[in-house]
Ligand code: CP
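Shown next as structure tokens: one chain only, the form predicted alone.
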Amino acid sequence: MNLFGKDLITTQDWEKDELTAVLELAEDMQKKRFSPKYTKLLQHKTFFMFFYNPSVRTRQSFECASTELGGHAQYLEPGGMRLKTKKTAGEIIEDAARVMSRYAAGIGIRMLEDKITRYGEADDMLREYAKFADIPIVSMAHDKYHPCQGLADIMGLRKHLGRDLKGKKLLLYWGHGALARSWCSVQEALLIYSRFGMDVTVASPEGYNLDPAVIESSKKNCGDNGRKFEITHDPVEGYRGAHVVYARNWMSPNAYHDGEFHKQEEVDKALQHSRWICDEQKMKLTDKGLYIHPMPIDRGHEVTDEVASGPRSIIYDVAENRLHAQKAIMALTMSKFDYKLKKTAAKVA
């Protein structure tokens, strides 16, 4: 399977077999982390990383991934690059993308909540870069999607629940907290978990609906797999029978208005929903449910320490998986590495 040059803005844009190839390759790369088979795939090649928003795991994992593939990751702060913005003159995306395509093997972009003035603005920007660049554009998390996190999640579930996830139940659970988080990770979870055949239940208070287009795509994914998609506003019922609990805060659809992101309003509103926390009592209703979160975790709000650090938590496995999944993505899209799906995995994945 040759994916050389392919952009990754959301997993929904990729074929199921292509996603399975990433997962299989990532799993092999984890087992053979420093094997000569992989350590020269990006030799002498550079990956540009645009960080409009800071990060811990994303920067660390991409830099490690580049190094372990024999390449180099270059950290870029757009504020120091003379790029055109709504308020300043500078280089337009077309010119920047075409020039950088002559330097690097790929471009990663991270742009979240407070760096945009409306939902969808970052997604539009990534797709404009993809239009003009001759090298892959990879989302390192933006306002709509976080594909690398979604793949790391599924990699973790394949390890703990088996490669065939069909019929397992995901509870995507809104958690209250002092953060106003974007929709990127939870929407990617909806899309990719449903692609891999899981039943999906979304639980949130009234007024915390996600992107209607993402909901419809997730419903269709479930329908195509003969699985269920449900939405509830009850803080407890969704836990019953869940195999995976993904408890994370996300902002309301009203977070952007008057051309601004109103973070404090979102925080104040979220803190009123104190019943919406993932705790041990609720987890007892699950079917030995795993706890998963993209991190960083707002402990004591989204989830209790007892659950986050408990025996059913796989948060650290998933954090590690970011490295291996991103290595696989980079190998497949930025080198001419060709991968053939395992026949047995292709039947069940």
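Residues carry their position along the shown sequence, with the first being 1. What you are looking at is a predicted structure, and each value in this text was computed from that prediction instead of being measured.
Keep in mind the form predicted together with phosphoric acid mono(formamide)ester is missing from the figure; the text below concerns it.
- Note on the interface: of 301-309, 283-291, 51-59, 64-72, the segment with non-hydrogen atoms within 4.5 angstroms of phosphoric acid mono(formamide)ester in the model of the complex is 51-59.
- Mapping the unseen interface onto this chain, His142 falls outside it, with no heavy atom inside 4.5 Å of phosphoric acid mono(formamide)ester in the model of the complex.
- Using a 4.5 angstroms limit between non-hydrogen atoms, Leu41 is distant from phosphoric acid mono(formamide)ester in the model of the complex.
- In the model of the complex, phosphoric acid mono(formamide)ester lies within 4.5 Å of some heavy atom of Pro296.
- In the model of the complex, Arg322 approaches phosphoric acid mono(formamide)ester with a heavy atom inside 4.5 Å.
- Though phosphoric acid mono(formamide)ester is absent from this view, in the model of the complex it lies within 4.5 Å of a heavy atom of just one residue from Arg227, Arg110, His273, Lys168, which is Arg110.
- No residues of 218-250 lie near phosphoric acid mono(formamide)ester in the model of the complex, the criterion being any heavy atom within 4.5 Å.
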